[in-house]
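Starting off, we have a lone chain in the form predicted alone, written out as structure tokens.
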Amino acid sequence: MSAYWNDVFGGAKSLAIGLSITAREFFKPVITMQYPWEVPEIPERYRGHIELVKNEKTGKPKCICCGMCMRSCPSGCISLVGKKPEGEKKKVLTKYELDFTKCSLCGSCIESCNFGAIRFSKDYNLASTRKEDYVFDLLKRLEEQG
């Protein structure tokens, strides 16, 4: 019978402790951000998905289609295609796709690029229920940015 009362008093004690913590926190200022109406400030070192870097002189991507980013990616989320036009000395990037569902944001691709052709983007608001929305054509996105 004494075990019963020990359980009752132990439960009442833990309830009182929990309620005191709740009452203390109730009067502190609210720190929740009302997301759609309040936009968070993105830190400088934020790492979103990768994006291509534009050559300021030509307006085209800096990528020379060496494939080092694709080879260094441990998850195999990058695929690129380059084509050498007739009369040209260098390849031209024709397709650069990123499957963000596989990307682990490790940064190996950026470290392996000796030409500074890719960097982390500042995109943070990526929400969808479809897998197709996370396969990015980075060349098309670069052209859309202007």
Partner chain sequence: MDTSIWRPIIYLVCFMAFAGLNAAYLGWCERKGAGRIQRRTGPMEVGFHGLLQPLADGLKLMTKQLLVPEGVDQILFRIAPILAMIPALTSMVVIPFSDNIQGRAVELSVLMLFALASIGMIAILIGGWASANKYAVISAARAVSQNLAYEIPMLLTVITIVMITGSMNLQDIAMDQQGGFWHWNIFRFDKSIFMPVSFLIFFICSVAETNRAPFDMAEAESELIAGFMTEYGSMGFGLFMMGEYLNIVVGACLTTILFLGGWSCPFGLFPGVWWFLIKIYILIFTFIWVRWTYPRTQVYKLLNLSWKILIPFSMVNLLVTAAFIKVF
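Just so we're on the same page, rigid core means the largest C-alpha set that superposes within 1.5 Å between forms. Residue numbers count along the first chain shown, from 1. All values derive from a computational prediction rather than experimental measurement.
Just so you know, the form predicted in complex with its partner chain exists too; it's not on screen, but the next bit is about it.
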Residue 132 within 4.5 Å of its partner chain in the predicted bound form, heavy atoms: no
Proximity of residue 57 to its partner chain in the predicted bound form, heavy atoms at 4.5 Å: no
Contact flag, residue 114 vs its partner chain in the predicted bound form, heavy atom cut 4.5 Å: no
4.5 Å heavy atom contact, residue 128 and its partner chain in the predicted bound form: no
Partner-facing stretch of 85-93, 115-123, 62-70, 27-35, counted where any non-hydrogen atom is within 4.5 angstroms of its partner chain in the predicted bound form: 27-35
In the predicted bound form, residues of 38-68 near its partner chain [heavy atom within 4.5 Å]: none
Cα displacement of residue 56 between this form and the one not shown reaching 2 Å, rigid core superposed: no
Displaced residue check between this form and the one not shown: residue 89, CA, 2 Å or over, core reference: no
Post core alignment: residue 104 C-alpha displaced by 2 Å or more between this form and the one not shown: no
